[in-house]
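Here's a solo chain for you in structure tokens, the form predicted alone.
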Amino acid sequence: MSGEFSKVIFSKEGGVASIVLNNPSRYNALELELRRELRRALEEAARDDEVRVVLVRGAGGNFSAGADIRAFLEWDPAKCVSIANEVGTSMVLANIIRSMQKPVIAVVEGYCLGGGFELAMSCDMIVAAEDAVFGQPEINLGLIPGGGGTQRLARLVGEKKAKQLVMTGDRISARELEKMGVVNIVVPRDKLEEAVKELVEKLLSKPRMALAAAKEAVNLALETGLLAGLRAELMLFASLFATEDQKEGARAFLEKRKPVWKGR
């Protein structure tokens, strides 16, 4: 599997796909070829029925310090839009993650800045080391976030805080983002793998079709009005009564035993 990629390390084991951004000498800068490989890895993980959970992380002690700044010297507006349409975080990578019927977890340590922060926010959950540093520093390059940073950050932390972070380019700690509800779990760096394993095992213990429905329903809450969202939730809820796992879950509860999920 790893032979098919050079800028990411992609592996699958025990129902878990691991995608590692592999450009450590440049703090896993999101260069064009890395983005292309990341897209392929995400698409393969989405297609593989054996994959139940996806992890996205960075090599060398950092998640990603952001975009390939050297490339910015050569970009013009047309080039920017072309790349965004091919492998941009906001409209391509994030959409693959969002539509994937399985949880995607960003595992963050070290720098998580700019495009790296946008990628992490695109994931369903974030588990971070307490020394991780986040931020949207694009203003210091004469830019604004272009991979969904202004839109996702405002939805996650509110208008005022989002404007502060985007307009100042200030960095923010994992602990602060945990208080704001952006980061799910923060632990000391030496406890990071243990925390990730615990979360993954918990997700693997749940029925996969209900997990997929839960993800879709919460996604819809951010994309529709309340009435439309409630109707969609009801339809997803009702559809699960056609699954074997729902009947197994009810029987197991009544029989006071652990359910045995079949994924159907």
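This is a predicted model, so every value here is computed, not measured. Note that residue numbering follows the sequence shown and begins at 1.
Beyond the structure shown, there is the form predicted in complex with a small molecule, which is absent from this document and is the topic of what follows.
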Selected contact from 218, 32, 69, 230, since only one has a non-hydrogen atom within 4.5 angstroms of the small molecule in the model of the complex = 69
In the model of the complex, do 25, 113 and 137 all reach within 4.5 Å of the small molecule through at least one heavy atom apiece?
-> yes
Just one stretch in 159 to 167, 89 to 97, 70 to 78, 178 to 186 has heavy atoms within 4.5 Å of the small molecule in the model of the complex, so which one is it?
-> 70 to 78
Taking the shortest heavy atom distance, is residue 125 within 4.5 Å of the small molecule in the model of the complex?
-> no
Residue 141 within 4.5 Å of the small molecule in the model of the complex, heavy atoms = yes
How about residue 65: is it within 4.5 Å of the small molecule in the model of the complex, going by heavy atoms?
-> yes
